[in-house]
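One chain follows as structure tokens, the form predicted alone.
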């Protein structure tokens, strides 16, 4: 049995950041990463660009195997972890056991598989790994149905349109991107999608996928759609099933419970990334944050504390952007709907090509949603994280010299302004 000082389970952005952070602070430590995939680090955020043909497959990969060698980080690839013996500090895989002194769990997330008859047919794809996109590229034909209008569904629908496919985007809820946007901005986003050629179907559920061995037709609660492929993107969940009967505490979300140093309930075991739950700074709720930037920040904290460099995680602020080609949609913090049990005040600003919504609760900024040019993201995130009030936002207007942001901020507190130029 091989043994290392620190074993990282997972080779995504969280696992890589934790391992390379530890290496920066300790050059003598023996560090290894175990993964059930055969690849070095790649970015799933670039999948839509690869799918559309905008970038080559090679550009998905952010590291080469030589990068691990230079950092003296050993890789155990194509090793599927079955369970962990925390008492004896041993990780069991299908290709042998690996011992450790400290363990970092960065196991990521996996697609939610809905209960739809025919979901196992050839031509049904769950876009999570490189091979999933490779397969979709080989298989997608003239007509594709996407199930789920979250960020993945929206960006993939545009990418497939760009490749020349006829695309249907089916969503059970009453609007697209419903976790990120309230009704008004979601309606603007829908119009932009339809302008690009995406056929958006909301308040509609997929009940069956028909065909022989392969997909031929999708049946919804309102219609039947003949198609060549189906992409299912209804959500992700932490890959923590192998921990359910272990000493590691899991929260109500299914994510691993950690403290502000990314320590789990088991001594010498840390966790970070998609597999953990943390506090939402906008609402105070315990949440999952399946986002690249939060995984990276959490992993840095985990890596530092694992080697004795004390760092604390300040809590999660969810923010995400969606590239709509003609515009950029961005959301940070809480939506109005999330805060419906509080006293909420809303400011909205709109002009051609620009929409901004500020959501206040308890007299501080809890969320921002906008559709327009991809500018001032740092300001938006900072304003929500700092929980600025109306006066705080006004004081920051001097730092934003570009209209319409400047105009909007100068009128915060006036009940919202609709303006056009």
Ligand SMILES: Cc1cc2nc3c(=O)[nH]c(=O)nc-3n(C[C@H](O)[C@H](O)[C@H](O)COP(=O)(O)OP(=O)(O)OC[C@H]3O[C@@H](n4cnc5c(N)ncnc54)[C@H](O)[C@@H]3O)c2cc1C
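Just so you know, these numbers come straight off a predicted model, no measurement behind them. Positions refer to the first chain, counted from 1.
Here the subject shifts to the form predicted in complex with this ligand, a form of this protein not shown in this document.
Shown here without its partner, the chain carries 35, 155 and 239, all of which come within 4.5 Å of this ligand in the predicted bound form through at least one heavy atom. In the predicted bound form, this ligand lies within 4.5 Å of some heavy atom of residue 13.
Residue contact check for residue 107: one or more of its heavy atoms lie within 4.5 Å of this ligand in the predicted bound form. Of the heavy atoms in residue 355, none are within 4.5 Å of this ligand in the predicted bound form.
In the predicted bound form, this ligand lies within 4.5 Å of some heavy atom of residue 80.
The stretch that touches this ligand in the predicted bound form, counting heavy atoms within 4.5 Å, is 122-130, out of 209-217, 184-192, 343-351, 122-130. Distance criterion of 4.5 Å from any heavy atom to this ligand in the predicted bound form singles out 292 from the list 139, 300, 178, 292.
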